[in-house]
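Next comes just one chain, in structure tokens: the form predicted alone.
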């Protein structure tokens, strides 16, 4: 194949990838800056920061702070439950282990709406609908799935010979967990934390059913503004919700790479 043709096809592939990735984002950016944009014009007739000033001067920062607070709380609770549980599932012969792991997948095996609706019935009985604990619990329904399946794989990837060597020289199983398994699993735990945090930050259906109208997170705020046909406000909300996730992805990717390289170097 001609070298120029190869270069052209490579350039075309990059151009298509950039269009697919950044095309929808560019539309959101344009909507966030559009003060006038009417059909059939392809681009806004007037650009400005009017809607940015309107959003940042309103209640959106409260919703953003609330979303971060809930996501951090859900992440911490999820790790508290799933780190020891995943280690037990990865290392010990537990009866019906496959069934237990399958049960954690069930909330994702069905449409989210009926799952959250059934959970809402239970939370009504416990008087948790419209409360912060209720929203946190409904977020845990999906968060546990991501964390358990990720961390079981992480603990299985740690060579069991390291733990056996520590036990042979007199270390207890509890000490082996805290000094051998847990330090080696830190990159995987960080990855699971990132998945859970981003899931909770973007969770909409459960928050709408359980928290609305008293708990207004960023996705709920964006939904309400879009229902009011304020596309500019909805676009700004989407950007503010997307930026923390992108920042975390870049930071965690850099950290995980350094951690894995250090682990392989010790090996």
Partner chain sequence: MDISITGLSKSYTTRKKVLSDIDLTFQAGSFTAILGPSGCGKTTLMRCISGFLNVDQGVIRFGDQEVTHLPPQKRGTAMVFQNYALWPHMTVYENIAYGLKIRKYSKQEIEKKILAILETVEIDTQDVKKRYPSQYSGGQQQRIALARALVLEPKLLLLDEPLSNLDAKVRQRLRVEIRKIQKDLGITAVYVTHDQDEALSMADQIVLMNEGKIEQIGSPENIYKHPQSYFAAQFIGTSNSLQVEYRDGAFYIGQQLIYIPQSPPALNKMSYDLVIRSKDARVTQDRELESELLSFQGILRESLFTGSGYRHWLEVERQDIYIESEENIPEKGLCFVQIPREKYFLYSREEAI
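Note that the structure is predicted; figures quoted are calculated from it, not measured. Residue numbers count along the first chain shown, from 1.
Absent from the display: the form predicted in complex with its partner chain. The rest refers to it.
- Annotation: in the model of the complex, residues 48, 53 and 60 none come within 4.5 Å of its partner chain through any heavy atom.
- With the partner removed from view, the residue among 76, 190, 167, 132 that has a non-hydrogen atom within 4.5 Å of its partner chain in the model of the complex turns out to be 167.
- Its partner chain is not shown here, but in the model of the complex it comes within 4.5 Å of a heavy atom of residue 179.
- The shortest heavy atom separation between residue 150 and its partner chain in the model of the complex exceeds 4.5 Å.
- Although the partner is absent here, residue 72 lies well away from its partner chain in the model of the complex, with no heavy atom inside 4.5 Å.
- Residues from 182-215 that approach its partner chain in the model of the complex with a non-hydrogen atom closer than or equal to 4.5 Å are 183, 184, in the order they occur in the chain.
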